[in-house]
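Presented below, as structure tokens, is a lone chain in the form predicted on its own.
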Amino acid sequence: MLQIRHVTKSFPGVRALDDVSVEFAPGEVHAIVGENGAGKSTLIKIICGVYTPDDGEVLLNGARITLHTYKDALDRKINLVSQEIQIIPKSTVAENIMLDKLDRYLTHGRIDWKRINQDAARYATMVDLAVPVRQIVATLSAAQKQLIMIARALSSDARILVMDEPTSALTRHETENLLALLRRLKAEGVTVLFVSHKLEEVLAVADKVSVLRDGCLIGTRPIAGLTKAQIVQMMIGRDARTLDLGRLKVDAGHVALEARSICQAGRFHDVSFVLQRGEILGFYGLVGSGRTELAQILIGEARKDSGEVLINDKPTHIHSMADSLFKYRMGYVSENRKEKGLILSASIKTNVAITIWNRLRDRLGSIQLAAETTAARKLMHALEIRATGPSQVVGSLSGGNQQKVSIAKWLAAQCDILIIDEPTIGVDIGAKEYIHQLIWNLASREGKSIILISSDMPEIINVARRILVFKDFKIVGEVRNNGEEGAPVRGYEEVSQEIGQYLA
């Protein structure tokens, strides 16, 4: 039994937890939910020894424990699967899975790599990670890296397993396998703390749910008989809105971007599409289907072998992200904000203004700091970024606010074309509503041309008005989704079934 009693934790300018008490029983999946900034991450970091509480206590099996470090938690068989990707890119899958246990495989001063690979393969199979354990991790997708972290935690034989947004980058199939694994762990008496914004998963796997709001515990309820609407009401203090974004008036006569016969050895062959001015074009498919890989070709982060990309009917020469931004006013919001979208150790103003530093230089070439702060403050207000100010370090923000900063830097650059990859991974229902409305407003009010990449089918159907379906690095179908004025309105079920037919 793990007990949290009257725990309080404050940081400069904010009380992250305020007199929180909650219990986690053996053989139980206990969900912790709340909006970004509600205190979820602070609570689990206290449980895992990353933070120490300012007040209150943590008890394990009735005895008070003091956790000064993460190792203290590991010694008590408490382990964490962090929302942040924590891997060693140049090491193998096996090395990353068994990273904290290599000393167990020493024989006469030498590491038994054969046993390490065998044991790592067993844990990789448990989480449905279908890659060779000798493969270098740097080449893998964000979803595969997430599975490696889960496999690493399982290999520690933890009795209390804390999972922070473990399915944020996973496909539906991988998620179903993980939830089945959690049920097996529960049957073995493992306590699972399941932190997630995906309430459907909470209802499917959890026994209890504790709801945090503004650092306070709103309540703990059994899942039996509880509805999604009731959880949302506890989380945000109101019922969730169903956003009807309406029709999008697209400038059909103006092609903002066109890809012609894109080829890349071993991946793409003769891939073509067009993006119209003021359009939200969806790229939908399973992780690894080619959506992000095609976007990387468009922005110059990956090379094509043949074919061409045109912007405003003119051929482009894009060899880097800098070319994409400064020559063609095209930006890319990465799916992996932690590794590629943000400088976590830098301030909000640095992250926001980095795309416009060339505009903020004075005659001597120095960046005008006051102008940088003003630009950041303006976008913080527009995007409702919750922070103490422009100087706050981005790594200390909640996931939803980090995502808003990631978007803000491209808004600062005033891009005409914006590629937004998995925009709502790891954000709460309130932030998701806001980001969807923001994307819609960029297209409908400002005439931005947007490619929206998402594995979330409700998201892609709700926001995109034309959807390209990807499979095996091919565009296998195009779905019209209430995109044309005067066309009949199509329901979610009808559109989702058509998408599913292309993926079958």
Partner chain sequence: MAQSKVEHSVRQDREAGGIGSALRSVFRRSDTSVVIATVILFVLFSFSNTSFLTPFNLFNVSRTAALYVFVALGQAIVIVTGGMNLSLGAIGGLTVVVAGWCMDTMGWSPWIGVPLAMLTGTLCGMFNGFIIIKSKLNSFIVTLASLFIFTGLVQGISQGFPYSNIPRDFTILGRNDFLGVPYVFLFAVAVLTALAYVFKFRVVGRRILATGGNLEAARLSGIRTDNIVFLSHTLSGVFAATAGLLWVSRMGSAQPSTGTDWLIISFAVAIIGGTALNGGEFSALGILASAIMLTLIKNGLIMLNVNVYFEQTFLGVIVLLAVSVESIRVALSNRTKRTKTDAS
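Treat the numbers as computed from the prediction; the structure is a model and nothing was measured. Residue numbers count along the first chain shown, from 1.
The form predicted in complex with the partner chain exists for this protein as well; it is not shown, and the discussion that follows is about that form.
Residues with any non-hydrogen atom within 4.5 angstroms of the partner chain in the model of the complex fall in just one of 102-110, 245-253, 87-95, 352-360: 352-360. Checked against the partner chain in the model of the complex, the residues Ser345, Gln135, Thr125, Ser306 give one hit for a heavy atom within 4.5 Å, which is Ser345.
Interface residue among Thr220, Asn117, Gln276, Ser396 relative to the partner chain in the model of the complex, by the heavy atom within 4.5 Å criterion: Ser396.
Contact check for Gly266: every heavy atom lies farther than 4.5 Å from the partner chain in the model of the complex. Remark: Leu369 counts among the residues lining the partner chain in the model of the complex, judged by a heavy atom distance of 4.5 Å or less. Taking the partner from elsewhere, Lys338 is found to have a heavy atom lying within 4.5 Å of the partner chain in the model of the complex. For Gly365, a non-hydrogen atom is located within 4.5 Å of the partner chain in the model of the complex, even though that partner is not displayed. The candidate site formed by Arg15, Glu301 and Asp323 is fully in contact with the partner chain in the model of the complex, as each residue has a non-hydrogen atom within 4.5 angstroms of it. In contrast to the form presented, in the model of the complex the C-alpha positions of Asp54 and Gly399 draw closer by 3 Å or more.
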